[in-house]
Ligand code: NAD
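There is one chain below, alone, in structure tokens, taken in the form predicted alone.
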């Protein structure tokens, strides 16, 4: 059995769904169900005896200790995190509490559990911490991509909180001998992505006839990783990663944000054309850039390929088409997730009228 934290969020739910589909090993899924944690992501696992969902916080030491003692997992995979940069700028405290304090308390509970395992159990146990490339800071246009030895230079409250959590995980390995693994991924996209992030936001706004908000000049470059490729990388690192090591997970798909939006607009033009025959790209609207917006992220994932034989199965062209099609095919999920609270957030972040497609 494995324990997954944050398994109702975007990446975590994709991981749990893929794990159950590909393995007979049961999953205990712990998620506090914040705004981005959605039980509907896991609806196909209802009544599946190999999936046990527990609503709770990684910062609840008593609950985590009880789950570990009761289920005796051979691994903990930690997805639980506050993860949206914009939200961290408006309200950093939640990020400090979840990403730093929560990770600390989780590590303490796991350390106590690990300490009482028999030697065979200790040898088999793993703690895998899922992190982000944003801890490395920002790259200039021609700089080499981030490797695992790149210096940490976080530039937002979100990335600073994730950097702190990475350091805690490293420290618990070196100080206490906890058998840890850390992965730092690039920008994920794919099914079940909460529509505050660029790709799902623009797909939904396009279909609704609303503006597609682009920060600044839209030339911020990201490496795009299809979420199911990310999940397969995590499974591989859990299976064969060297203890105490960090593995960067990337899609080898560097692309400016504006090009990403133009690509998905072209796919929508083909799969779900506008009634008036106009291209979706006419809905693109430029909005004020966010404070401290990192210009470029790029992941060098060659260590993961060299040591563990992993590389992504999807190109950006194949992954983005699958993503757009998923949103077109899952309108009930989209309708349920885009609640009034979500629309209020869009108004706060991008300007109420722009976000809702209303006239100023």
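Since we're looking at a predicted model, the values are computed, not measured. Residue numbers count along the first chain shown, from 1.
What comes next is about the form predicted together with nicotinamide-adenine-dinucleotide, which is not displayed.
With a 4.5 Å cutoff on heavy atoms, residue 80 counts as touching nicotinamide-adenine-dinucleotide in the predicted complex. Within this chain, residue 235 is remote from the site of nicotinamide-adenine-dinucleotide in the predicted complex, having no heavy atom within 4.5 Å. Among residues of the shown chain, residue 248 is not one whose heavy atoms approach nicotinamide-adenine-dinucleotide to within 4.5 Å in the predicted complex. For the chain shown alone, residue 324 is not a contact residue for nicotinamide-adenine-dinucleotide in the predicted complex, no non-hydrogen atom being within 4.5 angstroms. Judged by heavy atoms within 4.5 Å of nicotinamide-adenine-dinucleotide in the predicted complex, the contact stretch among the candidates 128-136, 115-123, 265-273, 239-247 is 128-136. Residue in contact with nicotinamide-adenine-dinucleotide in the predicted complex (any heavy atom within 4.5 Å), chosen from 65, 334, 45, 32: 32.
Put simply, of 253, 188, 88, 182 only one has a heavy atom within 4.5 Å of nicotinamide-adenine-dinucleotide in the predicted complex, and it is 188. Interface residues of 3-36, taken as those with a heavy atom within 4.5 Å of nicotinamide-adenine-dinucleotide in the predicted complex (partner not displayed): 6, 8, 9, 10, 11, 12, 30, 31, 32, 33, 34, 36, in sequence order.
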